[in-house]
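One chain comes next, on its own, written out as structure tokens in the form predicted alone.
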Amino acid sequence: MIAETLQELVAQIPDGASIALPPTRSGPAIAATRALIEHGTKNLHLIAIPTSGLQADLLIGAGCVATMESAGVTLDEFGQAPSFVNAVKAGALQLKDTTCPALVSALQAGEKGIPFIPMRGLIGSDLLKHRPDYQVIDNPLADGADPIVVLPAIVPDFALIHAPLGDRHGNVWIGKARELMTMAHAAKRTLVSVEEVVDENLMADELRAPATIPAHYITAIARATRGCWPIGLQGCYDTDAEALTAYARMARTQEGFDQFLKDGPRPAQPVAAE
């Protein structure tokens, strides 16, 4: 349950796996993502819940991704995600475009163990032309005509997340990032890097237990100090605006992206795994 290193953690992800990624605000596992790039894993299907940023862009720029399913990939106030934009323009990436509600709803279907989920709001949009897996049916409970879209459940092979705390029992405390709970429920396996591993049982703490993913949903945990860097982690450290600005500038070209990975900024405290 407790992995010795980040490399051991991400080595469990094979080529071609589907991986759910959290939004930038909710604990992207950047240190683990770098380890996955170093491992050389390829042909990944990334599923943003419901958007992604640097985490997806790093994997795309490193040539690890075949498919990106997302409502958006952006560096937020730092601009466009350059590797994502370049890959889409070059046709090097299969893009499965969708909306935030559609992704979250489909993941909730996976969480519930049902094959699909109905959803309002997509009828009349161009998405239905480009997503043949989104089907329009007649509402079987309506008295008259009532078309509704059904979305196939999303059941990722892996969820890859970062959190402030894990414990020796395998429980993971996520704070306010509730989408991480849904991701862990829906995914076949959940891999987590954490800032700290504590000896106490987080599920025995009445204040922390409601925001703790129980161990039976967690496949493995590895410690990674400042594991979201240069993204901030609420209550732990702030976003490194200088490093993200440098990435947004350098990653406009493949040469600059490669240089950022090799010699770019590093966190004030080195990423450590144990």
Partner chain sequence: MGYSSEELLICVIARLLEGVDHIAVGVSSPIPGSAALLQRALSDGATRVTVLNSRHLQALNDGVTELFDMAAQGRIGAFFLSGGQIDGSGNINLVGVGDYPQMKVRWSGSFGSALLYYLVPKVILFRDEHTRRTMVEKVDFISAPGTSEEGIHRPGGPHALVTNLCVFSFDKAKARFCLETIHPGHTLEEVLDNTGFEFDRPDTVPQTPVPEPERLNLLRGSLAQHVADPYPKFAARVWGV
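Positions refer to the first chain, counted from 1. The structure presented is a predicted model; accordingly, all values stated were derived computationally and were not measured.
Note that the form predicted together with its partner chain isn't included here; everything after this is about it.
Screening V85, M203, V155, V150 for any heavy atom within 4.5 Å of its partner chain in the model of the complex leaves a single hit, V85.
Taken together, the three residues E8, E69 and I114 lack any non-hydrogen atom within 4.5 angstroms of its partner chain in the model of the complex. Within this chain, V197 is remote from the site of its partner chain in the model of the complex, having no heavy atom within 4.5 Å.
Taking the partner from elsewhere, R266 is found to have every heavy atom lying beyond 4.5 Å of its partner chain in the model of the complex.
Proximity of A142 to its partner chain in the model of the complex: non-hydrogen atoms within 4.5 Å are absent; the residue sits far from the partner. In the model of the complex, its partner chain sits within 4.5 Å of a heavy atom belonging to V73. The stretch among 46-54, 212-220, 59-67, 30-38 whose residues place heavy atoms within 4.5 Å of its partner chain in the model of the complex is 46-54.
Heavy atoms closer than or equal to 4.5 Å to its partner chain in the model of the complex belong, across 9-38, to the residues P23, R25, ordered by sequence position.
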